[in-house]
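Form predicted alone, single chain, as structure tokens, below.
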């Protein structure tokens, strides 16, 4: 027994309110807090067949789906997962979907989950040997890309220091291809104190920086346990964060380029880590 198909013909049907106004700056259902301090729904939204499949496979319990018939067929046996028993698949035309969500969704299907209890830093890194640590990264697409890179290149967890955007924002989940739902993550409450805690757990903490006196990345990624720290576009890591790290490292640049996009730089570091362990 899997999903229960429910046809939606009226875009004002309240049963699809969890999918409504996805582009609204003050009503989006993925906002934990609304303007004026009002509580939001804080829902987690997956877009497209592949991301929906990853939500179903994750710890994020899907409580409704909304899509066209073609995508329901493409999801196939995923919709027979025991976790979806009795969960509604609200089936609608592309036109009705567009009126509900506020734009035409080429991907044709959405799934929605409530946020599970947050992980602690200790829970997120339990058993990990490779960790990404972000500070001040407030661009949702960069965060999504870092999750995708982490999943593809063997990084076990992502930690968020001060000033980072919400990793469960809809765009983050979409750009990550759903890996933000699968790669363990946690927010650091005692920043930058958690860097010292990681060192106590045996991690070599490596700060990525374009500083010319930093050592080349290729020679520092082979420790038994590694935590790579990356900062925001422009300012990079704060001095406090770098002071707490074991080593500062750089990616050698050519042709007068001083640095890479943060998600790209993280991917290079993750690759060097993977290569050092081959």
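This structure is a prediction, so every number in the text was calculated from the model and none was measured. Numbering follows the first chain given and starts at 1.
Another form, the form predicted together with a further copy of the same chain, is not on view; read the next lines as being about it.
Think of it this way: in the predicted bound form, a further copy of the same chain has a heavy atom of just one of 193, 102, 154, 184 within 4.5 Å, and the residue is 154.
Taking 109, 177, 92, 137 one by one, only a single residue has any non-hydrogen atom within 4.5 Å of a further copy of the same chain in the predicted bound form, and it is 177. Residues placing heavy atoms within 4.5 Å of a further copy of the same chain in the predicted bound form fall in a single listed stretch, namely 248-256, out of 248-256, 222-230, 63-71, 41-49. Heavy atoms of no residue among 122, 131 and 188 are located within 4.5 Å of a further copy of the same chain in the predicted bound form. Among residues of the shown chain, residue 148 is one whose heavy atoms approach a further copy of the same chain to within 4.5 Å in the predicted bound form. Although the partner is absent here, residue 16 sits far enough away that none of its heavy atoms falls within 4.5 Å of a further copy of the same chain in the predicted bound form. Contact check for residue 22: every heavy atom lies farther than 4.5 Å from a further copy of the same chain in the predicted bound form. Contact between residue 28 and a further copy of the same chain in the predicted bound form is not found at the 4.5 Å heavy atom cutoff. Contact annotation for 216-239: residues with any non-hydrogen atom within 4.5 angstroms of a further copy of the same chain in the predicted bound form are 216, 217, 218, 219, 233, listed in sequence order.
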